[in-house]
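One chain comes next, on its own, written out as structure tokens in the form predicted alone.
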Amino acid sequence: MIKIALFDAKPYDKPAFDRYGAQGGVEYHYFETKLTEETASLAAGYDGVCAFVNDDLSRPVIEKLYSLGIRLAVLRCAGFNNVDLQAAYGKIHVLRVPAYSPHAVAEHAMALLLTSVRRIHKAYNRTREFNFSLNGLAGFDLFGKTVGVIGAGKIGRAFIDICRGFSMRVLYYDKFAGEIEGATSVSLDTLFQESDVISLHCPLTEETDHLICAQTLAQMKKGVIIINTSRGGLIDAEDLLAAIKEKQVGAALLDVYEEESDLFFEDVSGHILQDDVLSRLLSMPNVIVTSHQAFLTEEALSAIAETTTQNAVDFFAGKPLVNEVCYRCESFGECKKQRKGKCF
């Protein structure tokens, strides 16, 4: 039996992981605490660790886990910006879930957009208090509007398909994507200048860190709507707040936030929020924040548990690790994984 320490565990994680773990011979032990340098010692005696988006897999944590005999870290998410891949190379194999339900995230992005432009959240609150006035609830049609999609991977393409269903004009920017039917590939500058709505579906890298900042916000149409269901670090939150106050940004629809790690997935309603930027964003009538829930569908949870479990099973069975990531895969011409089935 393979024993995996699963950190930052939530009640909705357990059913699917228990089900697929039993099928694959993997026994998950759930820890509510996040993986940090202080909590890494909890992994002692386990065969591997399972981490989520706000767990810390920086160099000190990698070294601590390695000293405990851990050789496998399975991420139950697609992104890996919280992992020091260079520190992990040669010590701990890192595997992820590259795709679980791109439709879940894409549909959530559109749900945020529709909620905002049709004032659904405001109407919901009014009618619960028996206020049936329509004053201040006028929205606008998505039909014919221009949407700019940054990142045309599986999630970005799913969102593009949804937008095409609303008869929107679709622009997209992705250095690696080919032609997409019904959408036009453009430069970032063109996308910023012509889009009524901008939706972020790209990973967080050194190149995309603070992609949305004062400089790029100034290029956009006045009243632009920005959607982020990818990673919080894509947006400079302070610059976004300033642009909202100046009415350069008409609405910000955020499922992620740069400093979310100590807040999202937790109930802090009984505490005073210390993050002044987030507090001010939440006070804005044209800002909607959800707490990194775009992935949260039954289908996605099942797919995440299935792939994560298979990643662990493949590792201990000595099979090729198709979902392994390392810093050499893109930085060096020849990837060992293509020859040997694993990165090292």
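This one's a predicted model, so the numbers in the text were calculated from it and none came from an experiment. Residue indices: 1-based, along the sequence shown.
What comes next is about the form predicted together with a small molecule, which does not appear here.
Please tell me which of Arg126, Lys221, Lys154, Lys145 lies within 4.5 Å of the small molecule in the model of the complex, judged by heavy atoms.
After the contact test, the surviving option is Lys154.
May I ask you to choose, among Val256, Cys163, Leu171, Ile198, the residue with a heavy atom within 4.5 Å of the small molecule in the model of the complex?
Looking at the other structure, the residue within range turns out to be Val256.
Among 136-144, 84-92, 112-120, 248-256, which stretch has residues whose heavy atoms lie within 4.5 Å of the small molecule in the model of the complex?
Of the options, only 248-256 has residues within 4.5 Å of the partner.
Verify the contact flag for Lys175: yes if a non-hydrogen atom of it lies within 4.5 Å of a non-hydrogen atom of the small molecule in the model of the complex, no if not.
Close contact exists here: in the model of the complex, Lys175 approaches the small molecule to within 4.5 Å, heavy atoms only.
Look up in the model of the complex whether Thr208 has a non-hydrogen atom within 4.5 angstroms of the small molecule, and give yes or no.
Because a heavy atom of Thr208 falls inside 4.5 Å of the small molecule in the model of the complex, the answer is yes.
Taking the small molecule as it sits in the model of the complex, is Ala294 in contact with it (heavy atom to heavy atom, 4.5 Å or less)?
Close contact exists here: in the model of the complex, Ala294 approaches the small molecule to within 4.5 Å, heavy atoms only.
With heavy atoms only and a cut-off of 4.5 Å, decide whether Gly182 touches the small molecule in the model of the complex.
So Gly182 does not count as contacting the small molecule.
Suppose contact means a heavy atom within 4.5 Å; in the model of the complex, does that hold for all of Phe7, Pro15 and Ala305 with the small molecule?
No, the candidate spot makes no contact with the small molecule.
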